[in-house]
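Okay, so here's just one chain, in structure tokens, the form predicted alone.
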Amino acid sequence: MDHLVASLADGLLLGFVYGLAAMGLTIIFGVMDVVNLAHGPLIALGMFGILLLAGASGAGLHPYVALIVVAFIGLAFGFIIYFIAVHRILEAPHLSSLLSTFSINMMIIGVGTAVFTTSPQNVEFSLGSVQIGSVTLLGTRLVAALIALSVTGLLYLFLYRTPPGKAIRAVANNRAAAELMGIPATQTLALSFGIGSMLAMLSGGLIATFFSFNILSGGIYELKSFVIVVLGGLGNPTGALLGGLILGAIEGIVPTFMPVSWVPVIEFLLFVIIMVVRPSGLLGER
């Protein structure tokens, strides 16, 4: 039982970071109805951003200071991707946006492979552990969960308490009506894509503090993000956090009863069940 509780706690901490990654995907979809297939490479870029800024040996910036820099880089990179690959095909069939963002996916992976190779990398960083009763929690995972939760809170305040956030919600609800009210839709959509990219790179930076990675690692977390947004409901940031916790709990509990290789099987089985039983997700509208 102690082992089960410890595994569940560890999985839930990881689930907060998964939820943060999925929020980036679901915000872009919710605002502009675009499935961003460059989401995985952006997560990987966040990992390498921490590696380069903090240094492979722990020299340079503190990893959490580097995370702030990575966030701003992600925001700027999201603007660039939006205007290059997304803006002109917003009104085109969905296949166009899929192919466009997939092209960005392949370009990032191609350049990243040439520069970084596919050898595993890791950030030498540790915060020790925290003992709570019989449960031992890694400090890096605990801090990552707290940061993910804080970013979620800040995102909520931004969307519901600031003019740019309200503009994003208005454009997501009815773009044509928002433009008639004087809201600059193009800038608002670019900001939305920038925020989604920033969240992806933030989650990658957090993951890099406790897992090894390479340029292809983002694809794993992109698939997890798709499962999470379907669980929570497409376009629902709160649902993304809930879906992340569910996925994290599964990853924590399943290995205590069966081989760890069954974890993705269970995750995608859950994905199929939700798609059949409730396609709108747990918190989505019916």
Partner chain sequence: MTTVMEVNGIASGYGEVQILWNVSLKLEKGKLTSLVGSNGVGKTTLLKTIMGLVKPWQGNVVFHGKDITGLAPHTKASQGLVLVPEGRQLFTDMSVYENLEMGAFSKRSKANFHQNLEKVYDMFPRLKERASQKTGTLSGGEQQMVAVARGLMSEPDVLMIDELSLGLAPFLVLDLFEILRRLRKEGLTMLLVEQNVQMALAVSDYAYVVADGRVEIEGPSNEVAANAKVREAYLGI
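In this text, all values refer to a predicted model and were calculated from it rather than measured experimentally. Positions refer to the first chain, counted from 1.
What follows is about the form predicted in complex with its partner chain, which we do not show.
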Can you pick out, from Val151, Ile89, Ile73, Ala170, the residue that has a heavy atom within 4.5 Å of its partner chain in the model of the complex? Ala170
Taking 4.5 Å between heavy atoms as the contact cutoff, choose which of Ala85, Ala178, Ile109, Ala190 touches its partner chain in the model of the complex. Ala178
Heavy atoms within 4.5 Å of its partner chain in the model of the complex: which stretch in 94-102, 138-146, 158-166, 124-132 meets that? 158-166
At the 4.5 Å heavy atom threshold, is Asn174 in contact with its partner chain in the model of the complex? yes
If we define contact as a non-hydrogen atom of the residue within 4.5 angstroms of the partner, is Gly182 a contact of its partner chain in the model of the complex? yes
